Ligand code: NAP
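Just one chain follows, in the form predicted on its own, and it is written as structure tokens.
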């Protein structure tokens, strides 16, 4: 039986580790040829190695999503080396945990850095690949967050919450605009997922993890693999009439 993503070419940003790597491995298992894009060239190469070792197809590309010119350059390289892109997963993201009332310099830098990656980066990569995605009637999957809806019950960065609200708004607005081109645009809202991005916070602040778990009906933190199923669904033909939506993968966090 053919995989759900046979003959697709998928670009996944931030796929050197965490959720992005898990999605890259999952897409490759379903038959996609994966362009592994990450600012960390070594990490991207390791993801490619894991995919090819399992019999999949992948190539790595070093990409800083904040660099608009580089995004356009890499979009062209992928087209030349692999083919026309049909799936884009905007996964690259960062977080900082300074309060808004902290040192003004630190807060300002947090804001600028987080917006540059989490929001401008989504714009940059999507815009760079827009021509290919419209031509292929492609699919865009943005990694949003539970913080696309709420500022969670733990101290966190105001900038991160704002950026993830922006990702959801971008998803809905772009879905409305690109529907006529056959391009579907959706998002996934992860809860607390155990990734390198939050490893230090989880290790140093177990009380914060407890707060999350107290409000998670499934009673556990998520793993990167928990995001793979929703990501495959939104990229394949099973979701052919789904656009402008967000699938929450938060263990039920918003229920309590």
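Because the structure is predicted, anything quoted here is derived from the model rather than measured. Numbering follows the first chain given and starts at 1.
FYI, the form predicted together with the named molecule isn't displayed, but the following is about it.
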Residue 124 versus the named molecule, in the predicted bound form: is there a non-hydrogen atom within 4.5 Å? no
Would residue 93 count as touching the named molecule in the predicted bound form under a 4.5 Å heavy atom rule? yes
With a 4.5 Å heavy atom cut-off, would you call residue 46 a contact of the named molecule in the predicted bound form? no
Does the named molecule get within 4.5 angstroms of any non-hydrogen atom of residue 52 in the predicted bound form? no
Tell me the stretch among 159 to 167, 79 to 87, 177 to 185, 128 to 136 that has any heavy atom within 4.5 angstroms of the named molecule in the predicted bound form. 159 to 167
Using a 4.5 Å cut-off on any heavy atom, which residues of 181 to 202 would contact the named molecule in the predicted bound form? 190, 191, 192, 193, 195, 196, 197, 198
